[in-house]
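Take a look at this single chain in structure tokens; it is the form predicted alone.
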Amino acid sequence: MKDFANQILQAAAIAITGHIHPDGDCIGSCLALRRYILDNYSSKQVDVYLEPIGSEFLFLDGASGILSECTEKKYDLCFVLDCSSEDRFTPFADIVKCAKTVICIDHHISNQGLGDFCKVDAKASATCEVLCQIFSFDKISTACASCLYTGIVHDTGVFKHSNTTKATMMYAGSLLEKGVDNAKIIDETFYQKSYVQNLVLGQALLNSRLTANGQIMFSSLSAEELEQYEASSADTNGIIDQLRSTKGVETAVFVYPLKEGGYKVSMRSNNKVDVAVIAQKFQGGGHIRAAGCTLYHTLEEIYQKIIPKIEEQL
């Protein structure tokens, strides 16, 4: 925490980035840190770099100003959030490498100490929860609190995943006292889906198949199907959780194409399977119950590589 404050004080230009295909926690943590710095260190210049985010997050403070293209601008300090390795922030790797100082804040157990300074709490539900540990609560504005609450909501599945702890709930309660509109955040960013999102969810359900006596559910979307619905990768958010919530399913796997090539493999489990171990076998990472990786194979080859690993644990 001392290094956190000192490095901000010494820096004039600050960059913040997170992992590719940013989710609610990545978006929330990056925007929360931006707002916290601007609220308490007013002379600082802060830029956030992320791949395009879903429209449901655009109400968050600073979301409209997120930069999605790498620039040649040099920064005194760069924060890497919710990210455990360089391959996870590839589009903005040059910004990170050229920064004088890099601070990583994360909650992924696979993080081995990225950056010049690194704070990782694998027991925290979200990177936004780790930021709650770092920030002075009396200096958190409503706008900042809303970003933090969003990240915690998304990485806990609205406080129902096994990573939800007493500390998580206490932080969430303290953020509510800041004036956070929890109903808006939960409804509009977690439950509500656009028509296109519902279409791709329906297609993913039609494409799904069960194996291991109904304990594993595997589904995928092709590039042609995404193009048919005029959908982007952001429109696939929530599909993996819908698969996991299917009655009788212990582990769900969802695969979709990446614009830069290859396939994103997302895995979720309920009680028995450590999907982080499986993801790490394919140079991925994550948490015990939520993890992922990128593979450059056909959909059927991915099925043949991933499913046996899950069956071994079952």
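Heads up: residue numbers just count along the shown sequence, starting at 1. Treat the numbers as computed from the prediction; the structure is a model and nothing was measured.
The same protein has a further form, the form predicted in complex with a small molecule, not shown here; the description that follows concerns it.
Engineer: Only one of 47 to 55, 60 to 68, 265 to 273, 33 to 41 has heavy atoms within 4.5 Å of the small molecule in the predicted complex; I'd like to know which.
Structural biologist: Flagged stretch: 265 to 273.
Engineer: Though the small molecule is not shown, can you say which of 189, 168, 84, 220 has a heavy atom within 4.5 Å of it in the predicted complex?
Structural biologist: The option sitting close enough to the partner is 84.
Engineer: When the contact criterion is heavy atoms within 4.5 Å, does residue 16 count as touching the small molecule in the predicted complex?
Structural biologist: Answer no; every heavy atom of residue 16 is more than 4.5 Å from the small molecule in the predicted complex.
Engineer: Can you tell me if residue 22 lies within 4.5 angstroms of the small molecule in the predicted complex, counting non-hydrogen atoms only?
Structural biologist: Taking the distances in the predicted complex, the answer for residue 22 is no, it never comes within 4.5 Å of the small molecule.
Engineer: So in the predicted complex, does any heavy atom of residue 119 sit within 4.5 Å of the small molecule?
Structural biologist: So residue 119 does not count as contacting the small molecule.
Engineer: Taking heavy atoms only, is residue 108 within 4.5 angstroms of the small molecule in the predicted complex?
Structural biologist: Output for residue 108 is yes: heavy atoms within 4.5 Å of the small molecule.
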